[in-house]
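Just one chain is shown here, as C-alpha cells, and it is the form predicted on its own.
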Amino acid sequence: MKYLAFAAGVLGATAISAETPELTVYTYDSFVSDWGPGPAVEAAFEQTCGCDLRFVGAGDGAALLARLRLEGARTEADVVLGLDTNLTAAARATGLFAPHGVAADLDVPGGWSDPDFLPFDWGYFAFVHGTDITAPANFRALADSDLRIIIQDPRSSTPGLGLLMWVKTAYGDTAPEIWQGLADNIVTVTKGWSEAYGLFLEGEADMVLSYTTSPAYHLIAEGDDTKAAALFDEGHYMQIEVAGKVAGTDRPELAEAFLAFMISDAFQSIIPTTNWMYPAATPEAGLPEGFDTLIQPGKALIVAPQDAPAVRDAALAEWLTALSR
C-alpha cells in the first residue's frame, strides 16, 4: 500500500510538472548571472504566471542575434531579451520576430513606437576609470594620452558596437583618424562586457568601455566611491535595450504576458540595482539614492534603428583597418 501511495504521488507530481508551461527567454550572460536581474525577475514572474521561466545565456547582445540567426525557425526561444537599437533592424530582417502587442507608457528618451521590440532599460556608454587619474574630455584627448583602455569586440558585443557607433556619429568622416590614434591605447579587445570589466577591476587597464551608470554599482553595492565615468564633450552614445517575441513560439500568450510584465513596476524596480541601467519605465519609488551622483551627458548621440546597419558596416570596416596596422 505504501508503494502504491508513493507511486501515485510520483505520477501526480509528474502530471503537474508536465502541465506547467515553460517560457524560454534568450538573453545575455550578465543578465542571468547571480548578481544580474535574472534570478529576481524569474522569481517575480513565476509568482504571477503559473509557469516555469527559463533564461538561457547566449554571450553578449550581438552574439545573441548571431545565435538566433544560426538556429532560425528551429530556435527554442520564445522571447529574446538583450538586443539594442543598433541591432533591431537586422533582427527584424530575419523574419523571426512578431509584434509584441503590448501598450506601454515608457520613459525612454525620444519616445518609443516600435511594434516588434519593447525596451526594458537604457543608458549611455562611457569610459569608466578610477578617480586617481585625470580623465580625458573627449576621444582626441584620450588618443593623445598614455592611458590604457579595454574595449569589446563590436562583432560579438553590444557595448563594442555602441563604441563604433559613438565614434562614427561624433566624428563622421574623421572617425578613422580617431581609431588610428586610439590603437596604441587599447590593451585588449574582449568578446563581451563582463570579461572587459573584470580585467579593468583587476588593474589591467586605466579605463574600460562601460556605462555612465557603472559607478553606481560600486557606490551602492560596495560603498566604493573611487570609480567614475569620464564625461566627453562630444556627447555620449545612448543604448536602448529591447526584447521581442519570437514569431514561432508555441507560447504566444505567455510570451506577451512576460513582455507586459517586463515594463511593470515589479520588473522595472529590479533593473537599476542589478543591471545598473536606467529603467524604461521609472518605478514608483523612483531611482535609488546614488544615481543622482552620476554624470549627465550634455548631448545624447544615437543612430536611428533603420540606419544602423549601414553605419555599422562603414564603422566596422574603419575599425578593422585601424587596428590591423
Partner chain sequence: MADRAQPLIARAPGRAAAGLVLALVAAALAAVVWRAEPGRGMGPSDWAAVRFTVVQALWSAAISVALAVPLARALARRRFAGRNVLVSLLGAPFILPALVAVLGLLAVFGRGGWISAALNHVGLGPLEIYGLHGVVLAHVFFNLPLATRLLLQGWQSIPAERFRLAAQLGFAPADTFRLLERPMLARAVPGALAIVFALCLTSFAVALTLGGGPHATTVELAIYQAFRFDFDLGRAAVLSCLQIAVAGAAGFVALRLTGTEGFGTGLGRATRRWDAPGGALAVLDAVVIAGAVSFLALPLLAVVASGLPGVPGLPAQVWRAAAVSVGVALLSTLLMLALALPMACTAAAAVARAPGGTGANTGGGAIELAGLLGLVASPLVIGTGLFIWLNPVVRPADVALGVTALVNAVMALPFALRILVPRACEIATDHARLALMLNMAGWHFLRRVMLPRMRPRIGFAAGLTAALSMGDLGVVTLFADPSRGTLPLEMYRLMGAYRMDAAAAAGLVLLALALALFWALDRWGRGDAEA
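Numbering follows the first chain given and starts at 1. The structure displayed is predicted, hence computed values, not measured ones. The term rigid core refers to the maximal set of C-alpha atoms that superpose within 1.5 Å between the two forms.
Form predicted together with the partner chain: not shown, discussed below.
- Taken together, the three residues Ser157, Trp193 and Glu202 all come within 4.5 Å of the partner chain in the predicted complex, as judged by their closest heavy atom.
- Site annotation in the predicted complex: the residue of Thr188, Thr174, Thr131, Gln180 reaching within 4.5 Å of the partner chain with a heavy atom is Thr188.
- Only one of 51-59, 256-264, 279-287, 294-302 places residue heavy atoms within 4.5 angstroms of the partner chain in the predicted complex, namely 51-59.
- Within this chain, Ser210 lines the site of the partner chain in the predicted complex, having a heavy atom no more than 4.5 Å away.
- Remark: Asp307 does not count among the residues lining the partner chain in the predicted complex, judged by a heavy atom distance of 4.5 Å or less.
- Put simply, Pro252 is far from the partner chain in the predicted complex: not one heavy atom of it is within 4.5 Å.
- Taking the partner from the other structure, the partner chain in the predicted complex has no heavy atom within 4.5 Å of any heavy atom of Val41.
- Along 111-133, a non-hydrogen atom within 4.5 Å of the partner chain in the predicted complex is carried by no residue at all.
- The two forms, fitted on the rigid core, differ between the shown form and the other one by 2 Å or more at the CA of Pro154.
- With a cut-off of 2 Å and the rigid core superposed, Leu209 has a Cα displacement that reaches or exceeds the cut-off between the shown form and the other one.
- Relative to the superposed core, Thr190 undergoes a C-alpha shift of no less than 2 Å between the shown form and the other one.
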